[in-house]
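Let's start with one chain on its own, the form predicted alone, as structure tokens.
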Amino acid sequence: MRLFFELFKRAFQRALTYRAASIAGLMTNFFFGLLRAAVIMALYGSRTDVSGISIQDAITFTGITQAILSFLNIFGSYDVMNSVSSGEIATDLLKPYSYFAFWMARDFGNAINQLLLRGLPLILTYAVFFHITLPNTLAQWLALAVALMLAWAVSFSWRFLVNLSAFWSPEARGIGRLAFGLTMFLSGFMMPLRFFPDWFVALCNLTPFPSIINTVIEVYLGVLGGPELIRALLSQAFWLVLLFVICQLVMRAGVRKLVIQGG
């Protein structure tokens, strides 16, 4: 646990050195958030409610998704993939720690940095331009915190799994672009999943992607409550455990392949 904290702290401090990039990213996220809000308002037209989501909630949706975009690293990361391609993984595997936990700690440090320097300022700035929705109760805030942490853990596990494709493909970035593109469309990042037909939502729920974005949004907006909220959080936990197990199995197979080939 101490090693995890040290890796997290160093990753957080390293991310702090790129303050100019954080400011530029914040401005970019806010700009695209305004564009998405304008599209949402145009789609609603004279309607005030669609599928149980008010126009105010829909505008808030655009702000929240832009705010957690970097925290969850929706566009993907390729660090593990690069370490496999460069051969650095050979020395990393000799070190006395879990390879999965090592990258998880680094990702968590960067994620918290992005949440504090880009996410929170963005949603506060958003609130200046729009009348956004806020959670009403302490229980809702606590549920949101749990959903956010589970969403990040599921997102990391999925990205780590995708990166492991580098063990089998020298051009694994193409696989990554496809996988991360699917994440954006099937997670509810582009539009709330409640706007889509039931068959499409059912299809999305067969994947871990709604646990990354859609669950967080619905918890924040208060759409989920009681048993539905518990099921949503348990679904996130289920996908986290399943992806962790799959990552370990694929990692073992990849390392075995690496050793056999003389890596």
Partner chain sequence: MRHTLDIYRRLILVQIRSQLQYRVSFLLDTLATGFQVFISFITLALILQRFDGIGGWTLSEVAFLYGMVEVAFGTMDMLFSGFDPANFGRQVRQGAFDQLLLRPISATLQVFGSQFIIRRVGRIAQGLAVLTFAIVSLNLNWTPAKLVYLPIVIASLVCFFGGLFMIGATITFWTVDSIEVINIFTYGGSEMMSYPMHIYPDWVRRFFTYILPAIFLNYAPALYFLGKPDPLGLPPFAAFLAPVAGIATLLAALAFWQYGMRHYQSTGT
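Note that the structure is predicted; figures quoted are calculated from it, not measured. Residue numbers count along the first chain shown, from 1.
Not pictured, yet referred to below: the form predicted together with its partner chain.
- Proximity to its partner chain in the model of the complex, defined as a heavy atom within 4.5 Å, holds among 115, 123, 161, 191 only for 191.
- Remark: of stretches 132-140, 99-107, 148-156, 178-186, the one touching its partner chain in the model of the complex is 178-186 (heavy atom within 4.5 Å).
- Looking at its partner chain in the model of the complex, residues 88, 93 and 230 place no heavy atom within 4.5 Å of it.
- When contacts are judged by a 4.5 Å heavy atom cut-off, residue 200 counts as touching its partner chain in the model of the complex.
- When contacts are judged by a 4.5 Å heavy atom cut-off, residue 56 does not count as touching its partner chain in the model of the complex.
- With a 4.5 Å cutoff on heavy atoms, residue 224 does not count as touching its partner chain in the model of the complex; it lies far away.
- Its partner chain in the model of the complex comes within 4.5 Å of no heavy atom belonging to residue 253.
- Residues of 30-60 lying near its partner chain in the model of the complex, listed in sequence order, are 31, 32, 34, 35, 38, 39, 42, 43, 44, 47, 50, 51, the criterion being any heavy atom within 4.5 Å.
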